[in-house]
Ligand code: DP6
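We begin with a single chain expressed as structure tokens, specifically the form predicted on its own.
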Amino acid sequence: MAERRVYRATTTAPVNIAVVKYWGKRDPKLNLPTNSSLSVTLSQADLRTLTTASCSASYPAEEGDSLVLNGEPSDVSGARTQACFRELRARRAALEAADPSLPKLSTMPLRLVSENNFPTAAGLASSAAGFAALVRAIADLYELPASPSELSLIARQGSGSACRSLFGGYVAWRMGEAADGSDSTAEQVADASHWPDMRALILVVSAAKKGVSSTSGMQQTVATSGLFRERIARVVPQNMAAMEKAIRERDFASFAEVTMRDSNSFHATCADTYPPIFYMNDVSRAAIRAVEQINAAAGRTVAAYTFDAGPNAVIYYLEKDTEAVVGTLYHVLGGDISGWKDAVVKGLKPSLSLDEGVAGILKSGVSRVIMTGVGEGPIKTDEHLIAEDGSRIR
């Protein structure tokens, strides 16, 4: 019966949204970045990937490794996924060589089932959460004695920003200098409890798959943008230092300014790419104007926008400023779109008003919202997606 046993482990992993962006690779094969970056890990109560990793000698060897993502078979033959599998198997094989009594899990086919509770490939960092969950689940399956920083070296090879999703709170990905990528790892700058009142309101402008993938866009930018060279040489190092100081001191005004400036810089390099890349659209630009108007009316900086490689606006704010930020946007967008948390929006007053043109574009262009905050890193769970007999739980 031992050879029929199905071994399994399940984990959740969070989305992270960068406030100092990663864009560009100095080594595409190893996923080594041209600059360091820093992100906020978002709460898994609202955005998470759930992944079960399993292996068994009873799985047909000829079928090889497999992944089912959101109910559909997903290709695992790509170089990035294979790099993660290869490194994790090598670490498990080293354990088995040191202790011959261990079951030879490294020789068995892998079956993975993964589900996102948010749109995939729409600029909401799905690949970051996905690869972080994949690596953490297999590491748990193999019982690897690896720290999150060690696992970040592996997750980075699957998706660069995935290395940051192995930690909660506020996370830096150090670009490193070594040619083999051995020092290009993620580290926690501050845990979620350091600044727990950080909140994020995501305006989902489009849940469609984006037109230019991040991988393709980065290659074009590195090859053709003059602004990009200025960004990695001067802009990002200054922003990293300023952002880490703002987080240490819980200085929201500085956090907000760096966040918005860095988002602007990133999208400027995309526009400076030849041919140009436009991830933002008219609704995205209306969201920027809305944040500017909210801050102006409040008389201080209470909100900060940022955009990844997609049109969706992520608006950071502190809990004490919920009425100014969420209250304003809730009354503009209306309560009939999904995602509002009743416990938060109930009783909020429209204390600020937006320009009618901006309000109209947002009302017609935002399809849903996601309300969340800063959260923890991967969490092991018994909520398996694969049954004890190896079949998928639907």
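Numbering starts at 1 and follows the sequence shown. Predicted, not measured: the structure shown is a model, and the values here were computed from it.
The same protein also has a form predicted in complex with this ligand, omitted here; what follows describes it.
Peer 1: Decide if the three candidate residues Y22, F266 and A309 all line this ligand in the model of the complex, where lining means a heavy atom within 4.5 Å.
Peer 2: Yes, each of Y22, F266 and A309 comes within 4.5 Å of this ligand in the model of the complex.
Peer 1: Let me know the one among S214, N295, N116, S206 whose heavy atoms come within 4.5 Å of this ligand in the model of the complex, would you?
Peer 2: The residue from S214, N295, N116, S206 that makes the contact is S214.
Peer 1: Of G160, G169, G130, P148, which residue is found within 4.5 angstroms of this ligand in the model of the complex when only non-hydrogen atoms are counted?
Peer 2: So the residue touching this ligand in the model of the complex, by this definition, is G160.
Peer 1: Can you check whether I370 is within 4.5 Å of this ligand in the model of the complex, heavy atom basis?
Peer 2: Heavy-atom contact with this ligand at 4.5 Å: absent for I370.
Peer 1: With a cut-off of 4.5 Å between heavy atoms, is R80 one of the residues that contacts this ligand in the model of the complex?
Peer 2: Contact with this ligand, yes.
Peer 1: Using a 4.5 angstroms cut-off on non-hydrogen atoms, would R164 count as touching this ligand in the model of the complex?
Peer 2: Contact with this ligand, yes.
Peer 1: Does V374 reach this ligand in the model of the complex if we count a contact as any heavy atom within 4.5 Å?
Peer 2: Judged by the heavy-atom cut-off of 4.5 Å, V374 is well away from this ligand in the model of the complex.
Peer 1: Pick from 232 to 240, 286 to 294, 301 to 309, 176 to 184: which stretch has a heavy atom within 4.5 Å of this ligand in the model of the complex?
Peer 2: Stretch with heavy atoms near the partner: 301 to 309.
Peer 1: Residue by residue through 217 to 234, tell me which have a non-hydrogen atom within 4.5 angstroms of this ligand in the model of the complex.
Peer 2: The one in contact is M218.
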